[in-house]
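Next comes just one chain, in structure tokens: the form predicted on its own.
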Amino acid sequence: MNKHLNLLYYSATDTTAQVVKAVADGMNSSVRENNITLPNERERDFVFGEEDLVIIGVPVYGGRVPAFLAEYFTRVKGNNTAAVFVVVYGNRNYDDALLELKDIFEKKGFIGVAGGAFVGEHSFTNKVGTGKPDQKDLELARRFGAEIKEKLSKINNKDLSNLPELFVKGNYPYKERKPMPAMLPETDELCTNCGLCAEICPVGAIDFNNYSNVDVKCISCCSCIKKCPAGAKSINSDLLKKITQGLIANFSTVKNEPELYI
């Protein structure tokens, strides 16, 4: 494969990062990593060319590409650029997210060569998608990467635009985004004021001067909860409890497997 391998991913709780890195490992090539999880990393405008291959990874929020990422991606441009689309969902359903991701980038000069949907442990509860992605999933992701490399090696000297259009599962119009009331994390007396929560917040919602102060722009990604070394963060919203109970009741015993398109 003669293309420069790039990763472009958002991963608040690290599951998407694990998957896209495993796909890249399967290509056995040097890689340029662009982690756009933090707000300052999304101040960049990315431009990729014909010599690039970009693995793009996002989590699924309500069956869609997260709205703030869909908006940011309008600033990412390609030029006949090969792309692999990856979504990671919390074991419920990825609905239209993979198709939406593909559509966003193919309108910006990218050409889809492969796509995949993987399961990650749900951000709201470790009882849904528990331990995902596991080693079996990551090994499959590596094999997927090797297959993509093999596919590209066969068309290396051909115009990518002559490839048949990549098919992925999903519907258009996409699933409607349902507005959700803010479900803000609270901070208890276990807080040591280490500041990690503010440093890792993907939308800059946590006040650096008062870690208990969370702005309503919070997207309830649960990064601060999962990564707090003192276990001092939690969301005590009745709505979240209801959603979580429904997820556990309906999806805790479901064994979804990765779905790959190449």
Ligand SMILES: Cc1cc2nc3c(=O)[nH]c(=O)nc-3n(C[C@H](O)[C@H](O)[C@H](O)COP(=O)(O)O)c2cc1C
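All of these numbers come straight from a predicted model, not from anything done at the bench. One-based numbering along the sequence shown.
Unshown form predicted together with the ligand; subsequent notes refer to it.
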{"property": "Sole residue of G120, G115, P185, G145 within 4.5 Å of the ligand in the predicted bound form, by heavy atom", "result": "G120"}
{"property": "Contact residue in the predicted bound form, from L53, V60, L69, M27 (heavy atom within 4.5 Å of the ligand)", "result": "V60"}
{"property": "Any non-hydrogen atom of A22 within 4.5 angstroms of the ligand in the predicted bound form", "result": "no"}
{"property": "Contact label in the predicted bound form: G90 to the ligand, heavy atom within 4.5 Å", "result": "yes"}
{"property": "The ligand contact at A230 in the predicted bound form, heavy atom, 4.5 Å", "result": "no"}
{"property": "Interface membership of V214, the ligand in the predicted bound form, 4.5 Å heavy atom rule", "result": "no"}
{"property": "Options 186-194, 91-99, 164-172, 69-77; stretch whose heavy atom lies within 4.5 Å of the ligand in the predicted bound form", "result": "91-99"}
{"property": "Residues of stretch 218-249 in contact with the ligand in the predicted bound form (4.5 Å, non-hydrogen atom)", "result": "I219, S220, C221"}
